[in-house]
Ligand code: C2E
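Read the single chain below, which is given as C-alpha cells and is the form predicted on its own.
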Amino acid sequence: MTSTKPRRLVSTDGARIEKLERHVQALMQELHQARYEQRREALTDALTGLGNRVALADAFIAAQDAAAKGSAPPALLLLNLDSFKALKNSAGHAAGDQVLVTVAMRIQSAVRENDVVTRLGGDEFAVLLPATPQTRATAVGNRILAALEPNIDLGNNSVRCGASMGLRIAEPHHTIEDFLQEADFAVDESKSEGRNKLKVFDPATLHARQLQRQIVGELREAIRSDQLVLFYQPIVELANGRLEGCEALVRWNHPVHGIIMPDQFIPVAEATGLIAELGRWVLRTAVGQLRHWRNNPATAHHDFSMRINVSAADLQSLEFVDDVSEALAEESLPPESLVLELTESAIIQNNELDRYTLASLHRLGVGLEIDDFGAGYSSMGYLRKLPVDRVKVDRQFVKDLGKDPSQLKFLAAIQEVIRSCGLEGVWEGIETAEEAEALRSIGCASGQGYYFGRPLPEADFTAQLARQTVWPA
C-alpha cells in the first residue's frame, strides 16, 4: 500500500505539469501571434494593404545596411496622383478610396518581387527598390506610370489618374527623411514639367531652388529695410537735347555683395510672386522722388516725367490701378507726369483683366509705353488696339547704324509705322552723336542711351539736373 501511493502522485503531478506546459505554450503562441499582428498592423496601410511609412523606413535601413556591405544602393520612386484632390471632391470619398485601392494594385503589379510598395498617406505612394541602379529604377518607374494610364472604373463613370513621379538613388549619408525629401523635390520638378512624368533628382536643381528661396527671403528683407535703391537714366528730345523724362531702374544694395543688378533678382521676384511688393516699392519711391525734384528750387525748372517698369503681375492685380492713383495723389502729382513701361510679353495675352487694367490706367491719365518694342512679337495689329501712347524701340535696331547702309531706311520705316499708329517713339541704345543725329534726321522724337547719360543714383542725378539744361552736356 505504501509503495503504490507515491507512484500515483508522480503520475498525477506529471499530467498536471504537462497540461500546464501546453497551456503556457499556447499562451506564448497567442502572445507571439498578437505581437506579430500588432507589428503587421503597425507596418500596414489599412486602406490598401500596402506597407506604410514605418515599413518604408525599415526597408530603407535594411537596404542601406546591405549597401554598406558592398551591395548597390537602393532607389526610391515617389509618386503623387495627378488631380486626385479634385477627383475626390467631385466624386466623393468612397470613390477616392476606390481609386487609391486600384492604384495600389496597379503599382504592385508593375514592380519586382523584392521591391517594397508603400502608401505614405493621402495620394502619395513610394516604392523602395533594393540594390537598384538608376537605369533599372527608371524602367520600373515607367512601368508604373504605364500601369496607371488606363481609366479606373467607378461604376457610373470612369476616371484617369496619372501620377507625377520622382526618382532618387540613395547616398551613404542619407537618412530616410533626407531620402524622402529629395525624392519629393524631384516629384515637384515632375509636376512643373507636366503630368505623368518621371523626374530624376538633380542636386544642382535643388541647390538652385534653395538659393532662390534664400534670395527671396533676403529680397523681402531688402524691401523692408531700404536696401533697394533707384538709379535714374535720362530720356531726351532729340531735336533740342531737352530732358523729357527719366527711367527709374531698381538696384539692390546688398549688405554683403554690394550692388546687384535687376536681371539677377527680378526673375526670382517674378517667379515667386514677390514682384508685386517690389513693384509697389518702386512706384512709391519713384513718384516721391519726382515730387522732391519738383519742389527743389535747384531742379524745379526741369518739367519731365517719371518712367517705371510694370510687370505682367501688376496688370493682373485688381489693386494696381488704385496703387498708382494713390501714389500720385499722395505726392500731388498730375497723372501725366508718370509713364508706365510695359513689355510686349506682359500685354500680348490681351485677356480681360489686362484690358480692364490698361483701360483704367488710360482713363486715369498716366502715360502707357510699350518697352523693348521689336524684341518680341511686334504686331502692328495689337499696337493699334491697345490704349498706349508711346513705343520704346529696342536697342538692337540702333546698334547696327553705321555698319549697314540700309539700316537707316529700315529705321525710318519703323518710325513711320509707329507714327501711323498715332504713337510716339523712344529709341533705346543711343551711344554716339552720330546715332543721335541719324535718328533725328528721320524724324525720331526721343532717345535714351549712354550718349545722353548712364543710370545714376539719386544724388548724382540730382546734381546733374542742377547744372545741366541740355543732354549731353
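Start at 1 and count along the sequence shown; that's the residue number. Bear in mind that the values here come from a model prediction, so they are computed numbers and not experimental data.
What comes next is about the form predicted in complex with this ligand, which does not appear here.
Q: Would you please decide whether I275 lies within 4.5 angstroms of this ligand in the predicted complex, comparing each non-hydrogen atom pair?
A: Yes - in the predicted complex, heavy atoms of I275 and this ligand come within 4.5 Å of each other.
Q: Is it the case that I430, even though its partner is missing from this view, gets within 4.5 Å of this ligand in the predicted complex, heavy atoms only?
A: Answer yes; at least one heavy atom of I430 falls within 4.5 Å of this ligand in the predicted complex.
Q: Heavy atoms within 4.5 Å of this ligand in the predicted complex: does P262 have any?
A: Flag for P262 set to yes.
Q: Looking in the predicted complex, any heavy atom of R395 within 4.5 Å of this ligand?
A: Looking in the predicted complex, residue contacts with this ligand include R395, since a heavy atom lies within 4.5 Å.
Q: Which among 151-159, 180-188, 309-317, 104-112 is in contact with this ligand in the predicted complex, heavy atoms within 4.5 angstroms?
A: Selected stretch: 309-317.
Q: May I ask whether V282, E341 and D372 all come within 4.5 angstroms of this ligand in the predicted complex, judged by heavy atoms?
A: All three within 4.5 Å in the predicted complex.
Q: Counting non-hydrogen atoms within 4.5 angstroms of this ligand in the predicted complex, say which of V250, A222, A95, L238 makes the cut.
A: Selected residue: V250.
Q: Within 4.5 Å of this ligand in the predicted complex, heavy atoms considered, which of V366, I266, V99, I169?
A: Spelling it out, the residue with a heavy atom inside the cut-off is I266.
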